[in-house]
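Just the one chain here, laid out as structure tokens, in the form predicted on its own.
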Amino acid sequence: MMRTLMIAGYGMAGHRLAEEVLALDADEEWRIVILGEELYPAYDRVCLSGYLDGRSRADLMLPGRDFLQHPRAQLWLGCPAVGGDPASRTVRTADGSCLTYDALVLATGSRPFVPPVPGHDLPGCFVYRTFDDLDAIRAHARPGRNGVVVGGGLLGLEAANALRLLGMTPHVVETGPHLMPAQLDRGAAAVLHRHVTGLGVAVHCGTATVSIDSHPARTVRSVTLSNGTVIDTPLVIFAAGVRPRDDLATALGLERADRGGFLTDKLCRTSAPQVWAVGDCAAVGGRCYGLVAPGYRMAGSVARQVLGLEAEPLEDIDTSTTLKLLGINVATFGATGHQGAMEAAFAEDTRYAKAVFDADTGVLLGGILAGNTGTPTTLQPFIGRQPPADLEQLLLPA
């Protein structure tokens, strides 16, 4: 008798899981039911800004025709899971259906964090997460006017570029001391800062959004910062990070991590039998990663477990990133935050590279790159080894 894998959530990690199961299930023992909140199939959120740069929704869709028409894959779009009972292995959906499963994987992703500043809910305030969000931003954009982005991380810079594409002048507000404070050090951020300001992006670091002020008609008029700056604007985008969507934890009786997310072990197993979590919503060993590559690793591991195949625990999850932000390359590789480690930095006006070494052994631990530098692909093989004599040339090629 065919068994049912239920996937609650249909983002990038959920789709990768479904593809892996179909590819590995040679005996065709499993059918897959996917419960998606949005009205369209999974799409590439990493490249979401391309939607404002001429790419269509179809261009960014992840499933091909073969997947959408697969006889053992069933999509319930616009019909998320809202509850269930692991003891009876059932899930309740938004349309009132009660579905049974043999294995359940939670892939509910994350939601944008909107700081509770006064005026955050005014018309003219948006988040940057879905096709619908970008459609609303496009409709509200006013070419030639200022637009404010709250958050100077990766998503904030993506949103700033979107405003540029829409003809607005972006202002990025970041509470940290520099752009992308979670990934970059001051040297790399300085290169990024010079590049984005050269493109016409105004950057306000070390300051916070105090209020979003309105017209008498209750639409956005301006943004007031903690340093007293007032920016006249009709549009605000919140890109101040995300939070794991773990609402189903209460309904399913699952444990949460201290900082949110479905708490799992290193095999992505939750506190209920035959229930796993993958992607942004999974707190593996208590930590949520919020990156595509770890989410894909989780999906591959869980696919093998569901099918009864051997899977390795998720150890040493790689959080390296390689990005192109507003035309500048930014990357991290290996470990960059070891306390007491030795560092060697090489800086020029338009590029920066830092290598991090173990203070006792001198082996390479990782590094940070910004601008026209070497690539993580070239440097990654040296992690855990003594660096080569020409390391500076690899970091900053002539």
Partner chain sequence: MTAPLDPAALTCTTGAAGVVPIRTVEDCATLTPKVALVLGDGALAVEAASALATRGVRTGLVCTAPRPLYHALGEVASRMVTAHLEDAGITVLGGAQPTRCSDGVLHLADGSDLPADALIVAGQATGPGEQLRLRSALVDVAVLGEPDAAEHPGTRQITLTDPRHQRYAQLTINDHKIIAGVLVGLPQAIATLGLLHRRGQYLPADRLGLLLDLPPRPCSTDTAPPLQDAVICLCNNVTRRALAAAWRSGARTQSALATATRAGTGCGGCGPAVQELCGIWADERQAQEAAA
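Positions refer to the first chain, counted from 1. Because the structure is predicted, anything quoted here is derived from the model rather than measured.
If you look for the form predicted together with the partner chain, you will not find it shown, but the lines that follow are about it.
J.: Residues M342, D390 and L396 are flagged as a possible site; in the predicted bound form, is every one of them within 4.5 Å of the partner chain by some non-hydrogen atom?
T.: Answer is yes for this spot.
J.: Among 42-50, 353-361, 23-31, 58-66, mark the stretch whose residues have heavy atoms within 4.5 Å of the partner chain in the predicted bound form.
T.: Correct option: 353-361.
J.: Could you confirm whether A347 comes within 4.5 Å of the partner chain in the predicted bound form, counting heavy atoms only?
T.: Contact with the partner chain, yes.
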